[in-house]
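In the form predicted on its own, a lone chain appears below as structure tokens.
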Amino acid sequence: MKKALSMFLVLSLCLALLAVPALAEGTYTPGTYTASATGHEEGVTVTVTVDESSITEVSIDVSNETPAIGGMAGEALTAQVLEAQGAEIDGVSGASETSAAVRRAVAEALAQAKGSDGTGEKTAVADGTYSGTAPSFGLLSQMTCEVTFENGAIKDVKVTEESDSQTGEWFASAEELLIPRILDAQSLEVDAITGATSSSNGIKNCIAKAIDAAGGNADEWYTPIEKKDDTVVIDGYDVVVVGLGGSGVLSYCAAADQGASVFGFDAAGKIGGNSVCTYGPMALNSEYLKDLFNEGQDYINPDEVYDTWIEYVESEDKADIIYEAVYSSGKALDYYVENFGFEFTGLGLLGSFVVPSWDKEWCVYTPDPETGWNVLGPNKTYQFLRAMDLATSKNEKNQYMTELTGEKLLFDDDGNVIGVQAKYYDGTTYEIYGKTVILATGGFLGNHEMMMEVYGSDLNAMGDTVNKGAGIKMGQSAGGATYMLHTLPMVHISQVANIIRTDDLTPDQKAILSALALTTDMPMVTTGGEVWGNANQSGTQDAAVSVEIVFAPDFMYYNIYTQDDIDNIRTKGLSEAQSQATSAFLSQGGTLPEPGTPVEDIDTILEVGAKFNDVLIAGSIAELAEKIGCDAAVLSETLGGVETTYYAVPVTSWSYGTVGGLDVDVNMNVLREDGSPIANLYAVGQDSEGVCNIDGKAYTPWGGQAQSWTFVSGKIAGTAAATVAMNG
């Protein structure tokens, strides 16, 4: 009996071993192989080293991914690839796009190691219409697409559910531009539409899920898209405008109004930039607004605003520019209302954020009559499009392009600026020549290297991240100097570190997670482990501190909960402060329970929050210090040395953009280090807003000032550039 049992066990073991996939000797050609794939951003790169039968080393570069999610997944994904000895990995929760990119890149690298180019026949998809759902840009729900297949090809894609258009105005460009390209290329490797990356990725991920639902393998649909390498020369313009966000559009309009020939372009798939996620500009004593809201009477004392501004920046070095920012704000708005059809009504005249006596200081765009409002404000792209139509009609030569990214300035043999080189989405290089150039690329919030160099930290972006510092770098290449580059970024909002756009939590659960982050009645700790703001060991704190998060180290802090605090929430509910915690414009959705209502699912909320790096869970102070990245002794002193299970909920800044940029004079001419102007080079908007500000402080916080600067600087620069070009 024992002998029979022994033989049975041996036989079972042999059968089990046969069932385990094994690589035959000589499967790989030993060496190191590299492949890349697109995650949330382009450029997830995997390097795999193999011997004849196994993976011996893996290196994964996810530096282009969102740092807090995809960027933190690299180590875990590396371990998974080594353990799986292949591309069949589980991935990392909350980093699905990065995980999928790593999987595809590993598969391609191993195909190289096997002597294959990785191409071949696709797994068949069944004819018919299939659904795919995936997280996207929308805060309120996931995206769903209906995908129709016919004869093994994608025949049609329809977005049937999305909240992207309720979250901002970028979705339309993804829907209108991306889907036709996917249908044409029959590939999901089509580049995301610049300025609408999350919406584009949402569409592609929905299609991928539909492919799998139809019996196919979505990984096989990422075939490379060939780029063009030709050059197009565009010559003979008076003014070239680089960037068509708010300040670029307004510069273009002012230059065209002078009769100049103007060529403008933007990297995004639509114009308007981050101006479309603002409410409206400061406009002091605008005649238009006086007639609308104040019976033709002045409604604010500009002298008081000017004096307050000069006092705030602690210098009169740029007094002439600040004078224009104040006294021309209403006049500039009137000019664009009268000549280019801009409209402002919305909520009427609004008061200052910080000076109570300025009860009528800024205004709100009139929303699109068809689409109304989104969570970031009134839909207003239609106004910028209308203005550009009027501007282009003023000269038959005038034109503009989207999806064209400025790369560098062009110079003649004497070092004079004569134009701009740019790259179209399809790879075509454009050389655009003009007598004057206006830089309007929107600052550098989307440039990780510059953010780390200037601030030592990244920020979450409220709008798009097209603004990668291109204009500032172009200006520097011409000898331009920067001014107040360390002015703190534009931040009005704090929220959880990573918005959860999946259905891992219900809207109500997401609201509770946000409340844990945004409440003002818990101990607050900096990234260095020290007490933040007015917090003390009893857990009280001045509510005003929460809106001053831009002054916190790394633009973030942690709300700290003990196990007792969490048990209290589970059995007794949220506190009064927690139940009233809100963050304007950026709600995670849902409704908060009344104080005292037990939150029985608090553990689920915390566990999911931990997957998305919105909660750090630690069993000791030392472990918590390691997760925060601070000194354990410092943190222990802050927490009173109490050993328990801790829950740290990070609260981070959500920014509209950077402020410091190129140094300019009152004509918006870019200045050299010696203060002399570069005669035919101008900078507007966030590429030059530092001249109205000061290093180390928040940008002038009256309300609508940054958007007003797009009007003032745009009108000045457009007029000046056209005048120089036409009379030079």
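Start at 1 and count along the sequence shown; that's the residue number. The structure presented is a predicted model; accordingly, all values stated were derived computationally and were not measured.
Omitted from view is the form predicted in complex with a small molecule, to which the following refers.
J.: Since exactly one of 489, 609, 475, 406 fits, which has a heavy atom within 4.5 Å of the small molecule in the model of the complex?
T.: It is 406.
J.: Which residue, 330, 280, 94, 132, has a heavy atom that falls within 4.5 Å of the small molecule in the model of the complex?
T.: Of the listed residues, the single hit is 280.
J.: Of the listed stretches (135-143, 227-235, 615-623, 457-465), which one has a non-hydrogen atom within 4.5 Å of the small molecule in the model of the complex?
T.: That would be 457-465.
J.: Does any part of residue 362 reach within 4.5 Å of the small molecule in the model of the complex? Heavy atoms only, please.
T.: Yes, residue 362 sits close enough to the small molecule in the model of the complex that at least one of its heavy atoms falls within 4.5 Å.
J.: Give a yes/no on whether residue 263 approaches the small molecule to within 4.5 Å in the model of the complex, heavy atoms considered.
T.: Contact check for residue 263: no, nothing within 4.5 Å of the small molecule in the model of the complex.
J.: Can you tell me if residue 485 lies within 4.5 angstroms of the small molecule in the model of the complex, counting non-hydrogen atoms only?
T.: Judged by the heavy-atom cut-off of 4.5 Å, residue 485 is well away from the small molecule in the model of the complex.
J.: Even though the partner isn't displayed, in the model of the complex is residue 656 close enough to the small molecule, meaning a heavy atom within 4.5 Å?
T.: Because a heavy atom of residue 656 falls inside 4.5 Å of the small molecule in the model of the complex, the answer is yes.
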